[in-house]
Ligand code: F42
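Single chain ahead, by itself, as structure tokens, in the form predicted alone.
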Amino acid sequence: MSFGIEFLPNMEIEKVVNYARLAEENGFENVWVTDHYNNRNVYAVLAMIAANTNKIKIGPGVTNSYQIHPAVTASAVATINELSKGRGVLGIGPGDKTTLSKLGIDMDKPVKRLKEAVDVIKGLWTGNPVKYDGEFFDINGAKMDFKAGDIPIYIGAQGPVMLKTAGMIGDGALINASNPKDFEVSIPLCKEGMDEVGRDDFDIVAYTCFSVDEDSNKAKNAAKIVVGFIVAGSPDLVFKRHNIDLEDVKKIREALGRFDFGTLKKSVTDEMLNAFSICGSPDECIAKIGKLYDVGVTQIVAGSPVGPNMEKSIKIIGEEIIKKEK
């Protein structure tokens, strides 16, 4: 099991860089920086992280091919890979429908568009001229003028078709889930794609809502807002899988609709925390990580909020979880 961490650059870049440096010092192997138009630019942040770390792998987690042309993504990630002396990774997914709609972008055929984008990116990274006649991208001899290197590609995947596609075209899948029951469904779909192309080396990544503290209640309380947002956006099929009462879900959605975060936090149940997060004391988190490892997860990404205190929680994960797991 390897460990990564996700940072949302809605804070000053200096803070993100300092947290990334701290993560490296505490045994994390990957830093993933989210790519949203309303936050600091992901590649500017990654460049600063590259300049201030030595061994941790870094990349967008995740970008998409609707806002940014794959040729621009290919160049940006290759640049980060060069700056970091070969530590670059690319996390790319279909995009967030709500965010894209606010930009007036129609999320048409996301699986096909993503597959075409990855084809174009891989082609450009070879350094050879690319000719590509796709439904979304028409490339007529474009070529990069510097060497990209061998850069892993991780696919942000949730639905069945995207999970299978991830197994076919990616080096790993970034799956927004925290519970073994969800991976019992997701991993076989990735393996279908892997088998189709004869791949056997693939990273199954649990991109989790994570919150740890020596005080279990403080950690769980810190996770509740994030879990509430996850619940509000999840389909009924997932609630059935985790035996979550739909009336409790309704309370969450109504509270979020009113921006009533106090009621939202009170409405998040223990069943929801178990289904949609890894949270609690270090020992509680270790127990759940062990269950994820048993079903086939190979990387844990500690996503928002990480804990009630970011710096303290990074150190706890390093000292109390990563060292014990290794």
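All residue numbers are counted from 1 along the displayed sequence. Bear in mind the structure is a predicted one, so any value in this text is a computation, not a measurement.
One more form of this protein exists, namely the form predicted together with the named molecule; it is left out here, but the text below deals with it.
At a distance threshold of 4.5 angstroms between non-hydrogen atoms, N176 is in contact with the named molecule in the model of the complex. Using a 4.5 angstroms limit between non-hydrogen atoms, V62 touches the named molecule in the model of the complex.
Shown alone here, M162 lies within 4.5 Å of the named molecule in the model of the complex, counting heavy atoms only.
Among heavy atoms of A232, none comes within 4.5 Å of the named molecule in the model of the complex. No residue in the set P70, D119 and M168 has a non-hydrogen atom no more than 4.5 Å from the named molecule in the model of the complex. Of the residues given (A157, C190, V212, A223), A157 alone sits with a heavy atom within 4.5 Å of the named molecule in the model of the complex. P94 is the sole member of P94, G172, G228, G88 with a non-hydrogen atom lying within 4.5 angstroms of the named molecule in the model of the complex.
Heavy atoms within 4.5 Å of the named molecule in the model of the complex belong, among the stretches 178 to 186, 232 to 240, 143 to 151, 108 to 116, to residues of 108 to 116. In the model of the complex, the named molecule lies within 4.5 angstroms of a heavy atom of only one residue of 193 to 232, namely Y207.
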